[in-house]
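Here we start with a single chain on its own, the form predicted alone, put down as structure tokens.
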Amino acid sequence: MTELQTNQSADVETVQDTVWVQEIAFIDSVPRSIAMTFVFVMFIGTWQLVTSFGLVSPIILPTPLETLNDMIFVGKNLLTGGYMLTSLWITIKEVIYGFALAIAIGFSLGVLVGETAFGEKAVMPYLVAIDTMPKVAFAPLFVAWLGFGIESKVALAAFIATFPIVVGTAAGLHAADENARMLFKTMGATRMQTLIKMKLPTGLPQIFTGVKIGAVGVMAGAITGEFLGGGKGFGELIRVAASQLNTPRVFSLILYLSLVGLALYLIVQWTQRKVVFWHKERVGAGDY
């Protein structure tokens, strides 16, 4: 009996020694709220030290307090329906229209590239070549083609955001399991049925990844269009403030634009969680 217990204990120790257990680093176990607060405090503290010791000219970098005061001023103007609210609404429309256009074009081209050999061999190389070009250089062309109105800004915003959606859609269609493809083929499913009922649902996580990347870039396209092609949005207000060396105003306007971009990204992320509810994205193993 004793020998049997000894053998069983030895077997248990052997199993415990051979089982791999992932160790979670301390930095990964910190809750997101605490981690974000720590990074924010460190950033503001470093910013304040740099400005307090005069390491950077105040004309170039305002203090955090100056930026906060200007953000309050801009916020009051927005809440009271001033001219800044009108400019912000113009920029938001440019972003929304450009993003919708980028999704429509990017998804269509992504299906063409991911579903047909012609698209992969003939279309994709040209898309890659266009994406490698400096997109800012296209802004004067869009202004010449579409004028100084909102159309040129929408076009540039869509132009910047389209390629990630194309890549995400094509990658998603290629993510379908080969066994599932064979099963659908054996059951006599048509190409369209296979695309709609198997490839698209399987590839939704990759498709949404491309859409989220596009949501980050669409704001840059709209603001770049306003910088180089005129306009009445927030980009024009930033350009005027920069020409007057009003750096607190530049910083505050940029921060408000970042909130708009963050809101767009969170909307896409929320939509992904509702549509692709079976797929959970995790970064690290901490408590989120």
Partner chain sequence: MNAEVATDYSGAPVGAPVYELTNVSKTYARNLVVALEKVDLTLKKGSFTSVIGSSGCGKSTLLKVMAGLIPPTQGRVVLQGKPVTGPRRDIGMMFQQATLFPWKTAVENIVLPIEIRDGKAAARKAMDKAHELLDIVGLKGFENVYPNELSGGMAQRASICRMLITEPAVLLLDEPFSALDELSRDMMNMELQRICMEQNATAFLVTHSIQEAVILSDDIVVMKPRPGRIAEIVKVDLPRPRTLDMMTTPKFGEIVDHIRGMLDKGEDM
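As the structure is a computational prediction, the values presented were derived from the model and not from experiment. Positions refer to the first chain, counted from 1.
Here the subject shifts to the form predicted in complex with its partner chain, a form of this protein not shown in this document.
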query	finding
Exercise: I92 in contact with its partner chain in the predicted complex, heavy atom 4.5 Å	no
Interface membership of F107, its partner chain in the predicted complex, 4.5 Å heavy atom rule	no
A122: touches its partner chain in the predicted complex, heavy atom cutoff 4.5 angstroms	no
Close approach of L146 to its partner chain in the predicted complex, 4.5 Å, heavy atom	no
Residue (of M198, L112, L127, V216) lying close to its partner chain in the predicted complex, criterion heavy atoms within 4.5 Å	M198
Residue (of I72, M182, L85, M133) lying close to its partner chain in the predicted complex, criterion heavy atoms within 4.5 Å	M182
Partner-proximal stretch of 182 to 190, 150 to 158, 164 to 172, 133 to 141 relative to its partner chain in the predicted complex, 4.5 angstroms, heavy atom	182 to 190
